[in-house]
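One chain comes next, on its own, written as structure tokens: the form predicted alone.
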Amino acid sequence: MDTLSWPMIFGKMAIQFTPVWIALLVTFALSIQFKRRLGLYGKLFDSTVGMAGFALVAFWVFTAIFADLIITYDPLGQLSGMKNAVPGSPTTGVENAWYLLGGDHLARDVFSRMVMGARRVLAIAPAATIIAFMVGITLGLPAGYFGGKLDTALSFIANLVLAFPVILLFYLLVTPEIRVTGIPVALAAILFLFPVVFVCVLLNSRFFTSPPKRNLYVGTAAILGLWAYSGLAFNADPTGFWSMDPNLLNVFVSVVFVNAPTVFRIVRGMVMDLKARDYVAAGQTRGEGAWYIMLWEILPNARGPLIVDFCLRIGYTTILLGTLGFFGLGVSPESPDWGSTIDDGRRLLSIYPHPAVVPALALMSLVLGLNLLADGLREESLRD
């Protein structure tokens, strides 16, 4: 078989991404049809920039979901004779099969590693950002609302973390040697408890006047939350449903620890501004509890900027994960995450650029999509 030309390579890649194209088409068709009923998300489709960003992000999200259907080879598999193969090279010993984007220095398929790398990145970045937001919101709301010594203490801790160089802090937190000290587990024990507390307080404040519902919802959330907490933080889930590899725990905890103080400062500043509004005074006059006012009166009115920051922060986290992988501090050495793949390919960049360029372009396109999505959301939220 002959080496494929670039038009043929792009054509075959387009065919491999068929599940993604179908999912995108259905998503856009339904979203545009019902956009007037979908709130801020629906308004996003009135913004060209927002739609472009959403399309890029959705492309990689669906790629991560359908990765097993898209890949052409095992991303960790090695084929004889395919070391540093150029894009479109026919695979040895297999009829009508090619390494669409070439092979790397270990004869692994670059295309399959790029596709599976999306799953790695999108399995960590959004989840870690969500937990960082729960930590920041849980601490930022009372700090801004009550002020005083609580605000002073929490702000001092946040500023202390933010004063440390981010890359150096990441490097210290994810090195294998740090695991021996038990610091990642201790941080996980603290940080992973916040989502449980946040959800329980949220439900308790909402259904406080209806004890049967409150007890049911809060009890269920506490049981499920502590079950997940025991497995993720201490790997103590007897069922094995919730568990986290030590390397992944290091990376996850590091992302949450670094992002939470910034979210805290944003939430604190917004609460200090919003707590003087009339609807807050009305809630206090009705005798509503402080947490009800913070979570159900103030927080919804701060959703626009927080959603925008959430999108941007996923982009920052994606870049940080790529940086860690590039420094060899990713989830695992053989992981197909984009940072590790770029690091593998950089050694022969002047001779065989494709193993490093392909994941770099993938990383760039995802971050670009998140930034455009944030711009679109900001544009629409300002119109509310």
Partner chain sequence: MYLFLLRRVGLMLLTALSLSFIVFCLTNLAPNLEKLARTEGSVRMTDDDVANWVIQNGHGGSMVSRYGEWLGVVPGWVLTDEKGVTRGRCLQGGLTVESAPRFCGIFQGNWGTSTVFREPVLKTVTNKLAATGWLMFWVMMVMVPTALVLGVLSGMREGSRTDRVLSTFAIASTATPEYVSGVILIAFLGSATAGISPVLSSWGWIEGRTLFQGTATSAMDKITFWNFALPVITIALYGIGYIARMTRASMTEVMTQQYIRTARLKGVSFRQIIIKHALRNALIAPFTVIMLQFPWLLNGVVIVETLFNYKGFGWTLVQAAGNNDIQLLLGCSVVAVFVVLITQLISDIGYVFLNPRIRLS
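The structure displayed is predicted, hence computed values, not measured ones. Positions refer to the first chain, counted from 1.
There is another form of the same protein, the form predicted in complex with its partner chain; it is not shown, and what comes next is about it.
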(Q) Considering non-hydrogen atoms and a 4.5 Å limit, which listed residue (Tyr41, Phe326, Phe59, Phe66) is close to its partner chain in the predicted bound form? (A) Phe326
(Q) I need to confirm a contact call. Of Tyr171, Phe194, Trp291, Trp227, which residue comes within 4.5 Å of its partner chain in the predicted bound form, counting heavy atoms only? (A) Tyr171
Q) Since the chain is shown here on its own, which stretch among 199-207, 102-110, 240-248, 152-160 would lie within 4.5 Å of its partner chain in the predicted bound form, judged by heavy atoms? A) 152-160
Q | Candidate spot Pro165, Thr318 and Ser350, all three touching its partner chain in the predicted bound form (heavy atom, 4.5 Å) | A | yes
Q.
Is Arg346 part of the interface with its partner chain in the predicted bound form - any heavy atom within 4.5 Å?
A. yes
**Q.** Non-hydrogen atom contact Gly322 with its partner chain in the predicted bound form at 4.5 angstroms
**A.** yes
Q.
If we define contact as a non-hydrogen atom of the residue within 4.5 angstroms of the partner, is Gln16 a contact of its partner chain in the predicted bound form?
A. no
Q: Using a 4.5 Å heavy atom cut-off, state whether Met272 contacts its partner chain in the predicted bound form.
A: no
Q | Contacts with its partner chain in the predicted bound form - residues in 181-200 whose heavy atoms fall within 4.5 Å | A | Thr181, Ile183
